[in-house]
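What follows is a single chain, given as structure tokens, in the form predicted alone.
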Amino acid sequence: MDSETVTGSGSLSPAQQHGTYELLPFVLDPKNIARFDAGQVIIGDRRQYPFEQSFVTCRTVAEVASAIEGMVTQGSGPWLASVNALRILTSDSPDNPATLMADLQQARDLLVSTRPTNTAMMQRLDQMLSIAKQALATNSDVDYAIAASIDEVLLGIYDDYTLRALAMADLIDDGDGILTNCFGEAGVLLSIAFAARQGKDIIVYAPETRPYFQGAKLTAPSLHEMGIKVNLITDNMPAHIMSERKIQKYVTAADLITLDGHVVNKIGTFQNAISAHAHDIPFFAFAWGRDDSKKQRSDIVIEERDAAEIKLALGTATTIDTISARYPAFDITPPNYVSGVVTVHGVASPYNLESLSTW
């Protein structure tokens, strides 16, 4: 993405105005998340970071789906990888429009099945299928239409990241210790960077996040790259550090937030919210957008991953194969533990989300 691009009116967008692109660490630069190049999807391999800045090349939709399922990318990465995967089909589209739409629908279904909890990918894929259908109906170039739409969505998303981050930055005080969980993505990291740019002295406590260690491998190195003080901790330390009064705010991303204010995020978010509540520490969750199909807790599908994954630590076995295990990848924090949801309109009550048309 070209950070010099301006809006149609000629004015700078929120992301450009506030220098968002210049603040982003390596793993959050859009071109390092996922991109389409010469018939292939190039995905930043977050499994190898920070030791390597490497990429996985996918030549088929099935390979992209496998990469997403295999945790090559997480958070915002799956939706960007998946919409670019559609271009594998549209860049070499068949003459028969009906065949192309059928192939795109099949690709969409395969990709959505890889991460059932975070519905951002489903929304973006459905948006691209609608764009493709419209392009076919008007005899337009489908691949160009999807490519242009991806660029437009990306620009809008980073503007939204900026607006949310600025709202959260205003609530961060000088001297704050901030607890997060897993990888906070651009919203959380930018809010801390904006607050630091205001002259506030901040330290972040980043739990390591078993079993893929996103806190250790993504959050802590990204904050370090951004010049933010960070302490890496294990997943079972937050309550103790809260009791030491080292933490003043708990701030995370959210893979999904229901209309009635339930926050779905990486497993471990809920238990930290309970601890935060017990220590009178406010918990703020960043919205990525609104999903009208997720009205309440019962609408949530929690992804249950292969239990074998939690018997490993970075490829090394931690127990014997015959031990039983479970791996629910996400948990649900009820709204009574949520102090505010960070939206493009500012920080909102979790009980007032349905009244906001956009988040």
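Residue positions are given as counts along the sequence shown, with the first one as 1. What you see is a predicted model; the values in this text were computed from it and never measured.
FYI, the form predicted together with a further copy of the same chain isn't displayed, but the following is about it.
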| property | result |
| --- | --- |
| Candidate from 90, 119, 258, 209 lying within 4.5 Å of a further copy of the same chain in the model of the complex - any heavy atom | 209 |
| One residue of 275, 127, 114, 248 in contact with a further copy of the same chain, assessed in the model of the complex (non-hydrogen atom, 4.5 angstroms) | 275 |
| Among 168-176, 212-220, 76-84, 138-146, the region lying within 4.5 Å of a further copy of the same chain in the model of the complex by heavy atom distance | 212-220 |
| a further copy of the same chain in the model of the complex reached by all of 297, 314 and 330, non-hydrogen atom within 4.5 Å | yes |
| 4.5 angstroms heavy atom contact with a further copy of the same chain in the model of the complex for residue 157 | no |
| 4.5 Å heavy atom contact, residue 301 and a further copy of the same chain in the model of the complex | no |
| 4.5 Å heavy atom contact, residue 50 and a further copy of the same chain in the model of the complex | yes |
| Contact of residue 237 with a further copy of the same chain in the model of the complex (heavy atom, 4.5 Å) | yes |
| Heavy atom contacts to a further copy of the same chain in the model of the complex at 4.5 Å, residues of 240-258 in sequence order | 240, 241, 243, 244, 246 |
